[in-house]
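In structure tokens, the next block holds one chain alone, the form predicted on its own.
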């Protein structure tokens, strides 16, 4: 077997890996103050983003066709690293106020980023599993990072158990596909399926595809595989909740898009029909249950479930435009949700309180700029122009309509109208309700910086979306051979 070793194919991963090593060394020898580890982490992630931008236009398949570096991988790299960068910024004071082992926060975050990057660059089902597990095994302890809070440990345990079930489905699906085709390489699988028409009705292959889709549905929290999401999101520290909602979702959807484009378009099974129902049920369930929530983190958890359904609308179309719309949606959602949770991080106390809807009451009087930005984020999540969320929904619904899925697009618009209610509840609380004795404290510099970076992304993608959409189209084209 020929092992081609082109390290350029994993240059961004190498940078994050080296940053992880340096951060671990500094953490081991530093004092109780962990901000130096956070600063090194920021520089490392920034270097990773710069390397991805520098490598744009590359198309490298290496390590015996295990991983590839293309525009699709690079755009997803940038997306998850932006989420990581904002998360580290808003966590600097939070981590520094913790026990001496707070530096582990940054190490686990870097490790999860490394797993995400291998996940979206994988061209082999085995590497997909390895990337997924590295990501997941790093996220589980982050969810339960505040060990003195029962709700945090409970959320981590539920996530761990259901995550293990998801992995079992994924591995069993891969085993079934390998038993039929004798390979786990995505492009080899696609080539076999495109030339062997008799595989269309193969029940073992269909079961394998179904199990893989179920495994990924757990990771992106599609209904009915969403049960872990509200408890994990509520129990996790606010910065990690935003990171999970953005980066974990983006990386997992990146793997789904790659499998759908490379493999499933060569396998003539009714995948679009299954995704149609998953999307519709997810949009409806997420938004309806979110209406009933009074805890903002839990509310945004169900909102995150609904947004996963909107991303699937783009996948249902099966076209390059639809897939590009899904990628654009993931990037716009990353800016919006990380910015929202940056503000929640400011309000949340060390004991986990501070994220109830009542905690937002009267915030506009004490922090008018922060409240205005939070209102922009909520309007973006609801899909109101001229925000990134509006353009993201416009693109995915347009893709569905162009492919003949008009009913799904209309249903998505109706569920978006429902979401307006609970997003505007937060805005109403900030501007029209009286404060309940909240102690006014200055906004930490890291949180302020993270909020303004997220705001810039929301406005940029809302007013000038065409350039980013063109990059998304290029990324999808890079997967089509």
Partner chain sequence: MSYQLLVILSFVLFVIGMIGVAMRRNIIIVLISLELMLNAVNILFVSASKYMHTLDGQMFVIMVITIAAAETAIALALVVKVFKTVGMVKIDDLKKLKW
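Keep in mind the model is a prediction, meaning the values are calculated, not measured. Positions refer to the first chain, counted from 1.
Below, we turn to the form predicted together with its partner chain, even though it does not appear here.
Interface membership of residue 319, its partner chain in the predicted complex, 4.5 Å heavy atom rule: No, residue 319 stays farther than 4.5 Å from its partner chain in the predicted complex.
Within a 4.5 Å heavy atom cut-off, is residue 155 in contact with its partner chain in the predicted complex? Taking the distances in the predicted complex, the answer for residue 155 is yes, it comes within 4.5 Å of its partner chain.
State yes or no: in the predicted complex, is some non-hydrogen atom of residue 348 no more than 4.5 angstroms from a non-hydrogen atom of its partner chain? No - in the predicted complex, heavy atoms of residue 348 and its partner chain never come within 4.5 Å of each other.
Check residue 310 for me: does it contact its partner chain in the predicted complex (non-hydrogen atoms, 4.5 angstroms)? Taking the distances in the predicted complex, the answer for residue 310 is no, it never comes within 4.5 Å of its partner chain.
In the predicted complex, does each residue in the set 331, 358 and 431 place a non-hydrogen atom within 4.5 angstroms of its partner chain? Per the other structure, none of 331, 358 and 431 touch its partner chain.
Which listed residue (190, 180, 260, 280) meets the criterion of a heavy atom within 4.5 Å of its partner chain in the predicted complex? The residue from 190, 180, 260, 280 that makes the contact is 180.
Let me know the one among 375, 206, 129, 272 whose heavy atoms come within 4.5 Å of its partner chain in the predicted complex, would you? Looking at the other structure, the residue within range turns out to be 129.
Based on heavy atom distances of at most 4.5 Å to its partner chain in the predicted complex, which listed stretch, 84-92, 241-249, 405-413, 143-151, is the contact stretch? Of the options given, it is 143-151.
Even though the chain is shown alone, can you say which residues of 149-177 have a heavy atom within 4.5 Å of its partner chain in the predicted complex? Going through 149-177 in order - heavy atoms within 4.5 Å of its partner chain in the predicted complex - the hits are 150, 151, 153, 154, 155, 156, 157, 158, 160, 161, 164, 165, 167, 168, 169, 171, 172, 174, 175, 176.
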